[in-house]
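Let's start with one chain on its own, the form predicted on its own, as structure tokens.
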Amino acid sequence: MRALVVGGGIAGPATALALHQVGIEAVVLEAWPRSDGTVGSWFTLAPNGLHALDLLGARHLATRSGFPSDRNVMVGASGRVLGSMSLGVPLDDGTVALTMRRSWLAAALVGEAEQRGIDVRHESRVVAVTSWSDGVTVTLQDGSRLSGDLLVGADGVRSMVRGVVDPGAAPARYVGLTNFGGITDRTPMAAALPARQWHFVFGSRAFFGAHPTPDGDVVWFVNVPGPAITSAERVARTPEQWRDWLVELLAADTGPGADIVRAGRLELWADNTHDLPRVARWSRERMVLVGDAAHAPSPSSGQGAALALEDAVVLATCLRDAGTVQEALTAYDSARRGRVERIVAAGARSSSSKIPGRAGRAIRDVLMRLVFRFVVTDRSSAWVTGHRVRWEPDQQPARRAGS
């Protein structure tokens, strides 16, 4: 069997690695030029995602790129602590969540795939898809065509493949927040922040997050509530002007947020945040969706990349163990949909807490303290980060799909 995997972020090469492990040839088609992994936002990969990487023989990539993160500490605009939560159920060997640059992990997964002999093609934008009962053909922007037995759409929240699989699917939904991210190098302010923790501030005008690195830097982000920023508005300001605006938004809040941003540099700006509540169809004929193309949670969930890595493992095992491709894709949907849609819904609720409204600001801190004490706790969240996908075959595995 030959699978064409559209998308070279995290989901695409991870899926290719999983398919390779069950004997399925994979070709990764990425629209953009090769990245060196040195630009873009930072994120934290939860233990359930690290476990999936481990099953792919690739956890060392995250360990090499990231640094440990144990907890999230949430404070209000006044500086009062609202709550504290673990960043997940550690792996059996004690490994906790890891924070890293997203592009580092994506580039490392691409390199790992190539090292294992997987064909990865950059600047190969898919512009059309033709599918039938026994195979699929894609047309690239340069007019060339490729055919395979299966097409995997790993092309993100604005997926082109999703529109082919489910033409009636709703577009990605703007969650009311625009994201900005940056880094402050070699700053004394890093020592003022607890090590191995994200410091989150539910500010009066924006939501701020910061994490010290082992090298004495601080990585940070700002979520700004409001209408989506247009392309024209984005280019009308320089990164420095956007940074100065963020400092103004954070200035009234207690804590180091404004000073950290003032001393830092933006690496991501005016990025409108979207999620994908529900896609009715994840597969059709010989096409299937994984990762954000199927179920994009708000970044507030902390689960986007982890869910994509889980998808990769589950899809590969379903293709390995099912009798036909259609049976495999049905099994994949059944195994994944309930979990991921529940996490997407939780992420949407988390995002809405950053947009309190005029009346909400007066009572938000009181409500949030109650939420973090009684509702959103380490115990109540363990089902998310304590989940472990399985690689072991069934007791009597069926012939591989498509064989």
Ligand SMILES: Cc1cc2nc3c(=O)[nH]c(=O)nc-3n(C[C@H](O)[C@H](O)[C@H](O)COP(=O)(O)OP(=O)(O)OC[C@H]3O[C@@H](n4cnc5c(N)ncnc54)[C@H](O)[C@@H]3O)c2cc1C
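Don't overthink the numbering: it's just position in the shown sequence, from 1. This structure is a prediction, so every number in the text was calculated from the model and none was measured.
Just so it is clear, the following notes concern the form predicted together with this ligand, a form of the same protein that is not shown.
Although the partner is absent from this view, residue 65 stays clear of this ligand in the model of the complex, with no non-hydrogen atom inside 4.5 angstroms. The shortest heavy atom separation between residue 18 and this ligand in the model of the complex exceeds 4.5 Å. Contact check for residue 343: no non-hydrogen atom falls within 4.5 Å of this ligand in the model of the complex.
Using a 4.5 angstroms threshold between heavy atoms, residue 50 stays clear of this ligand in the model of the complex. Comment: this ligand is not present in this chain, but in the model of the complex one of 162, 286, 102, 199 has a heavy atom within 4.5 Å of it, namely 102. Proximity to this ligand in the model of the complex, defined as a heavy atom within 4.5 Å, singles out one entry of 306, 222, 312, 150, which is 306.
Only one listed stretch (57 to 65, 330 to 338, 27 to 35, 368 to 376) carries heavy atoms within 4.5 Å of this ligand in the model of the complex, and that stretch is 27 to 35. Taken together, the three residues 124, 268 and 292 all lie with some non-hydrogen atom within 4.5 angstroms of this ligand in the model of the complex. Heavy atoms closer than or equal to 4.5 Å to this ligand in the model of the complex belong, across 1 to 25, to the residues 6, 7, 8, 9, 10, 11, 12, ordered by sequence position.
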